[in-house]
Every structure is written in structure tokens, then in C-alpha cells.
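Only one chain is included here, represented as C-alpha cells and corresponding to the form predicted on its own.
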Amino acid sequence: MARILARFLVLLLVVSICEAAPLFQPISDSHRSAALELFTLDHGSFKSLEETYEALRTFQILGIEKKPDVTAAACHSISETVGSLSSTPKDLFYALKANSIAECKIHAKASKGIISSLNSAVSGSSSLLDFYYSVGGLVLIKDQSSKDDLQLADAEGVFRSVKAFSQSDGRWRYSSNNLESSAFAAGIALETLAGIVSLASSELDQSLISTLKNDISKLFDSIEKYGDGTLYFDDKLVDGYEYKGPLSATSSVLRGLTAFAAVTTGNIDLPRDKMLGLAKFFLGIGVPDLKFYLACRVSIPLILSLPAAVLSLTKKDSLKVRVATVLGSNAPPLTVKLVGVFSSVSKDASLVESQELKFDQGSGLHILNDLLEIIDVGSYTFVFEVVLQEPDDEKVYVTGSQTKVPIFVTGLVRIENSEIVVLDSDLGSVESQSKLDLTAKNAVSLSANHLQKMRLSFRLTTPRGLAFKPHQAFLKLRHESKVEHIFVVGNSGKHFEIVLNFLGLVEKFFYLSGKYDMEFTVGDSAMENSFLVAIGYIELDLPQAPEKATRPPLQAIDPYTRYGPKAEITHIFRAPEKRPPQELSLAFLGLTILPLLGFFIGLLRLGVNMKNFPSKPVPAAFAFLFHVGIGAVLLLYVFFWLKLDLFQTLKVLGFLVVFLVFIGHRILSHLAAASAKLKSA
């Protein structure tokens, strides 16, 4: 659940630092719907008070109206927690944080019990989290009950106890038994110490405050850095504690820093470029709202951005730059200068001199109109510098050093002198020649043998008349058997040319003669008229393949042709053969029945008697069942003739055979025994 809530928790961490700050960035309905789906009641309540606070705070930040069922469930959980004598400091801490939003009524008697319980917890704390929950709970109860006389006994001693968890690199441990330090724990420690300072009855020893400020500077010395200047805090896995990741660790440090800055005097000396790097980190991960820079003594970074990083020479685009605070609000009066423009080819010399962009009051953009008249298509690095106009603003805002922005300038590239030629291999004379229009489909028809060559040539020039080298230029030849060959087209200055010597390519072509379709591709990110065009075909006459020559590779079979719908089969059944008259068929049926009639007549002539039929009940039953089985077999033959198929008949016949074998064996045993007794008598 914690991983799923990460993006919403960032809102809770960074926005809760400055309560009075308004929302500058718009919140979309997608944020609200996602929050409502994420935070749902489970049997009328949330799983924990921590989740209850996260839900209430997220709804508050996203501007979601208070839902009666959520507020009622929160108040019920809060009342049970504050009224229970067995509640832990962590439960009380999150109950009070949730109550700061839900605004449930807490009785004065319950408040006194909470204060007493948390004071006892402070005295018995042995880990950083114990101090964090107990001290944080006292700060919350003081804010909610307006108890100005609520003070922490021996605040300086508690301060020193928490300070004992700090490390030489500015990070903190969770407990004295844990040797691993953490930046996330440093943020928790700073917030805890800020609460101790606010609860102290008198001013603490300033040497403690100075030492802590020095620890903060050391913590920022160990900050992680990306190549683009983005800064962040990160932790390795700390034994016994869940890995928080850069997002949570960075938010924790900044929340603790602003909380500590709010209760102490004097400035915290932090380099402005590091605050700007942290702003880039949060902007890079898409945090909708950053409030921690509104804390009293932390400079607000100014962010330079471009509405479009691609400029078109064809459309005569202007260079537009926007400068705003990290919160998205308007920047103070300032000047934006274009210090230099460096191409990807020549990175040392700037193509333009320093120019100042004009500020458009209506759009809030800094604009330079005539820049594209002196640069060509390609990839460039623009270097900007932001200068504040008012000296007093330098104490509030930080602009950082020069900002480098990669920009693509696109345009239409001219394609000239395009032709395809078949040359005689020995003399180099032109056998056939065709002009090409590479902006449209061509229908060139060529023929050549293995002793000839084919040459394709063209020129590319930029709108400024300079040579243009595209990212890719390929010539593809596809045989009738779908075997493809791709060749890279080389260049020398403005001229592009490729010569195919078929004598040296016969093995590459697998000695396959026949028709080859030709396709040409030229493409580049700065080229607005990149193309893939069919040129035509060439008929090649190559020698016969030797016995040991390499065979062409098997071509992949299109799955659609293998597993797709097959062609419809049309079949005409032959007309049924002429049948004999019905009378003749009935006559033959009578002839087949005659043997059966002869069988019954023979039985009557021989004389059927029941003398050997058993007289005892059990043998008589077996004899009766045996005759019934014989009759069932005869009846099965009738059904086989009328209705059943062979498999159904054999299945039933198998059961009847087993039945007849068993019954027949019993009755024959009885008859044999009776015959033996008769002979002995």
C-alpha cells in the first residue's frame, strides 16, 4: 500500500510545510478521481490512523469536499484512540494529525490524559521514532488546544538525547543500536528538534543550534546529483527499516529543514544552486505542488523553460522563454539573455553574440524574433542567463548559473541533382541514365548484368545553402523472393553517392537473378521533408550459383497467412445415383427375412421342451437372465441397424458380453453338476 500511495504522500510531505501557501498549479479531475479510488473505507473505517490522516490530507490538498462518511469514520477512530489508556505515542500522533483536519471535539479530560501520556513517553524514549511521535504529539496538542503553557520539561536534555543519534556526515541513526545512518531519519530528527525548541520554556543553548546548523550543511554536502544538475537525497537499505527511496528521503529532509528554520533565529546558510537542484528534482518527477520553498528563510528558485524545444525555419518561429517560480507563479522583474548558441558540430564557438530577449506583458514570455535568420537547421545548445532587476529580489529568489537548453531547428532540405545510372564495369561508360524526383514516387526500369555497376547520386543543401548530412540514408533492394539487401549511402560534402558493383555482390545477392524493387530512404530529426520513396526496379542477370554457394535465408512467414482465415472452399456434391424401385427393395427384404422364418420353423419341427430348465430358484434365475441377455444382444443388433453407430454398439455389447459370460458360466456349472449327479445315480 505504501508504494501505491507514494505520489500522494509527496503532496502530504511537501505541501504541509507551509500551511498558508495557496495552490498555484492546477489540479485536474484525474488526481481527484485517483485519490477517491485509492482511499476507500474498509468496513466503515480505514485500516490505520496513519492511513486515515493520509486520506484526509490528500482530500484537503486536492480540494475534494469533505465526505460525511469519511469524516465520521475518522472522528470515531480518533475518539477511540485519545480515550484509550493503551494507545501508543504513534497512534496518538496520527490521531492528532488527523484531528487537525477533521476538527473533531476532544474533551479537556482526554487532552490532559494525552499530555501526561506523551510526557511520560518522552522521558522513556530510547529511539528517534519514539521522540518523533511523542514530541510531535505534544506540538499538535498545543496547536489544537491553544495551551500556551504547555512546555517540555528539561527541553535541553531532550534536545541532547535526540542529538546523540546524529552522525558526522549529517545523517542520523534511528537508534543507538543501529549503526546505519539515514537521510530520511535526518529529516525526522530536524522536525523533532524543531518541536523541542517550540516546547522549550526558555531559550536553548545557542551552541546546540549552531552545531545543528553545521550538521545540516554536512548533510547537504553528501547530497546525490544527476548529470543535469538535479539534486536529491537517497538512502541505502537500513536494517530493520523499510527503504524509503529518493522521493521520501528528499521530502523528509526539506520538511524537517523548514520546520527547524521556522522556530530558530538567523539564516541557514545553504548554497542557492543546491536549492535549485532540489527544485529540478521535484519538477522532474511531476509533483503538482511544491510549498517547502515558501518557508521563511529558503530562497525560491526561478525556473527557465521553453514552451517549444523545436523551432521551424519554415514557419519562422520565434524563440520564446518562460521564467516562473518553482511554484508556477509569476517571476519578479528580470531580464533573460541569450548568452550563446552552440551547434552539435562546433561546441566551442558561439554562433551568436549575447542578446537580450524582449518581455511580452500579455503572454508573460520573453521573445527573440530574428534569431532564426542567422542559424541553420540542426541540433543546438542554447545558453540562457537570468538577471534580476531589483537587488532586493536576490534575497528572496535564486536564479542559479547559466541554463543550457537543447533545441532542434528544423526546415526544408533541398534535394538536387538526383539520378540513377547503370555503368559499364570496364570502361565506365553510361549504359542507361534516369533522372529522379525523390519527393515523389518514381517508376524507373533498369536492367544490368553482373559485369556492370549501378550508381545513385544526389545532393542535400540546407535553407542557408550549406551541406546537410542526414542521420540516415539507405538504399534497399528487394528480390521477388522477398530477400532484401540494404546499403548505406555515403557522402562527400554536399554530394551523396553509392555505387553497386554487381560483380562483387553476386555472393551477397545469392546469385539470384530477376527483378529487384528499389526503395530509397533519407531521414533526420531536423529535416521536415524526410522521405521514403520507391524508385522503381532493376532486372539483374547474374551467373548460375555454384554447388557450394550460400543459399538465401528462409524468409519469415507472415502469421496472418498461416493462422488467418483460409480461402473459402466451394464443392459441388455429385447427384445421387438412381435407386431401384421400392417394390424390388421390399422383395429383397423379404428374402433376407426368410432364413429367420426357417429358423423358427426348424425349432417347431424339432420340438422345444423345458425338461433341462433348472427347477431350483437360484439356477432358474441365472437361466432366465442368460436368455434375457441373448435377447438383449439380438435387440442391440436391431438398434444398430436402425439408429446406433458402430462405436456405440460395441460399447453396449461389451457390457452385455461380460454379463453373459458370468451368467452363462454359472448356469453351465449348474447343468454340469446336475449331469454328474445323474450319471453317478
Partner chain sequence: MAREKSSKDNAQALFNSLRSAYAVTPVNLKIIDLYVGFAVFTALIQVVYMATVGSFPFNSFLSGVLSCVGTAVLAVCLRIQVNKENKEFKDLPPERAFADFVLCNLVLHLVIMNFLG
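Rigid core (definition): largest C-alpha set, two forms, superposition within 1.5 Å. Small disclaimer: the values here were computed from a predicted structure and weren't measured. Residue numbers count along the first chain shown, from 1.
The same protein also exists as the form predicted in complex with its partner chain; that form is not shown, yet it is the one meant from here on.
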Checklist entry - Looking in the predicted complex, any heavy atom of residue 637 within 4.5 Å of its partner chain? => result yes
Checklist entry - Is the gap between residue 144 and its partner chain in the predicted complex 4.5 Å or less for some heavy atom pair? => result no
Next on the checklist: in the predicted complex, is there a heavy atom of its partner chain that lies within 4.5 Å of any heavy atom of residue 443, even though the partner is absent here?
Outcome noted: no
Checklist entry - If you check in the predicted complex, is residue 577 within 4.5 Å of its partner chain, heavy atoms only? => result yes
Checklist entry - Which single stretch, out of 213-221, 593-601, 132-140, 544-552, brings residue heavy atoms within 4.5 Å of its partner chain in the predicted complex? => result 593-601
Checklist entry - Since exactly one of 329, 206, 585, 461 fits, which has a heavy atom within 4.5 Å of its partner chain in the predicted complex? => result 585
Next on the checklist: Which residue, 606, 108, 349, 85, is the contact with its partner chain in the predicted complex, using a 4.5 Å heavy atom cutoff?
Outcome noted: 606
Item to check | Heavy atom contacts to its partner chain in the predicted complex at 4.5 Å, residues of 638-652 in sequence order | outcome: 638, 640, 641, 646, 649, 650
Next on the checklist: Aligned on the rigid core, do the two forms place the Cα of residue 585 2 Å or more apart, comparing between this form and the one not shown?
Outcome noted: yes
Item to check | C-alpha of residue 602 off by 2 Å or more between this form and the one not shown on rigid core | outcome: yes
Item to check | Threshold 2 Å Cα movement between this form and the one not shown for residue 574, core superposed | outcome: yes
